[in-house]
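In structure tokens, the next block holds one chain alone, the form predicted on its own.
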Amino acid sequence: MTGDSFRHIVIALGIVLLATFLPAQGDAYLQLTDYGSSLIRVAVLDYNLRAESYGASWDSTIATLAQILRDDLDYSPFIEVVDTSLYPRRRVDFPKNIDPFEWTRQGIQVLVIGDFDTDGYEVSLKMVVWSTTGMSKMFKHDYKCDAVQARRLTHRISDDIHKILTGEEGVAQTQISFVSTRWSGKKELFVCDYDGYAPRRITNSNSIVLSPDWSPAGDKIAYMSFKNDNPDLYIYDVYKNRETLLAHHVGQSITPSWSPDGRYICYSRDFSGNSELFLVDTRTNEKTRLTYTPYSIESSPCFSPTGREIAFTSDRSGAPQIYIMDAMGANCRRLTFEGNYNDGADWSPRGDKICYTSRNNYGFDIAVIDFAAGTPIYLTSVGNNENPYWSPDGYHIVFSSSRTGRYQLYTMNWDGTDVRRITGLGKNSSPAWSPRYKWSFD
């Protein structure tokens, strides 16, 4: 499947204006109907300024904020943000001045118009989304935040607009946790925005951190750390900036995975000289053994979106393969049969696919298996590619790759198109995509 076909097939676009407007506001809305052959073509205009000049530094910031909004919206598989060089005019002061024929000739169906103001401490943006095909206002909202949060506010605006245009929640406010050596060469836990900006270090263990996983509420991260000279499991509370010990055993405790309700974590631990899967209750710390395989290694569990099943890695067939079992360990069956080494499964939030790392004759690649089709599709082919993890909307995958010589993080669409590098410093691996956020600036 080509990149164009992905962006065309996935969209249930049909830019269809609702025939009935809201009586109080007269606003029109677009909705996704059935699978269409087009993208929603959007123009994000340069912001209108309330003052003649805010100074050179602010002028640059204002232009950057408009570009961030374009990049956020263009990241969506449903939307194509049109290049500004194709705009009939770069600024529209008032919607009544819009000449719809100027825009529709370029195939532009939606205009995003913003009025910017600042006192140097706070930023104000008045946003209007306008349909050129129906000449109707679809969305209007006033935003305000502290100036240092302007980028984050732009991500919030993007997600709001994405919801109006597509009916789907956006991912611009999400974050990605990962392991990086950028701090003194040690493997520490970091978190960045979905696009790689604003990376910040979470742990300072001066040791090795591996396999982070976000809680469903997005407020905690579980991970393995050697900080006390033993591979133990910890939970870091993002809001309280507090780390707590989750599981300590003789031998390793690795690859934690949260259940969708946030109550349990499934993980792999040494037990009687063998690696088995256990479930720990995060409230009571009660532990339940799920697998009993004395001659094979069980690791890398991942819950299904319903919480009723767990995908995991086992070498019980002689080589690591992906298996699925019920959440309490029953009804185990093998999922992967192609490839001699398959590991690190992650279940799509939509429940229809699993991505994983697969080894072939040339190295490691990212594969996706669709339950309906039953056969894997390989999404990568350059360098070694590992640690895939789904975005919360199920349309993107973040992964680590050595394609430039040193492992960095990349994102791509679920079919392997639109690959974007999001890290550059140190060696980076084990990415995990957070649940959706909705930042508040009140």
Partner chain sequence: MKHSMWILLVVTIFLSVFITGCPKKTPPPPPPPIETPPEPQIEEPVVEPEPEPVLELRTVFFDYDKYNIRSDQQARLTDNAEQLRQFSDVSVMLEGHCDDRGTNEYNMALGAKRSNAIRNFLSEYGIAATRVQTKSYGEERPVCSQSEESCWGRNRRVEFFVIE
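None of the values given here were measured: they were computed from a predicted structure. Residue numbers count along the first chain shown, from 1.
From this point on, the text means the form predicted together with its partner chain, which you will not see here.
The candidate spot formed by 270, 341 and 430 lies fully in contact with its partner chain in the model of the complex, as each residue has a heavy atom within 4.5 Å of it. Taking non-hydrogen atoms only, residue 291 never approaches its partner chain to within 4.5 angstroms in the model of the complex. When contacts are judged by a 4.5 Å heavy atom cut-off, residue 224 counts as touching its partner chain in the model of the complex. Among heavy atoms of residue 275, some come within 4.5 Å of its partner chain in the model of the complex. Heavy atoms of residue 170 never reach within 4.5 Å of its partner chain in the model of the complex, leaving it off the interface. Distance criterion of 4.5 Å from any heavy atom to its partner chain in the model of the complex singles out 255 from the list 255, 174, 154, 76.
This chain is drawn without its partner chain; in the model of the complex, the residue among 364, 194, 214, 347 with a heavy atom within 4.5 Å of it is 364.
Contact with its partner chain, judged by heavy atoms within 4.5 Å in the model of the complex, is confined among 247-255, 116-124, 330-338, 77-85 to 247-255. Taking its partner chain as positioned in the model of the complex, the residues of 297-326 that bring a heavy atom within 4.5 Å of it are, in sequence order, 297, 299, 300, 313, 315, 320.
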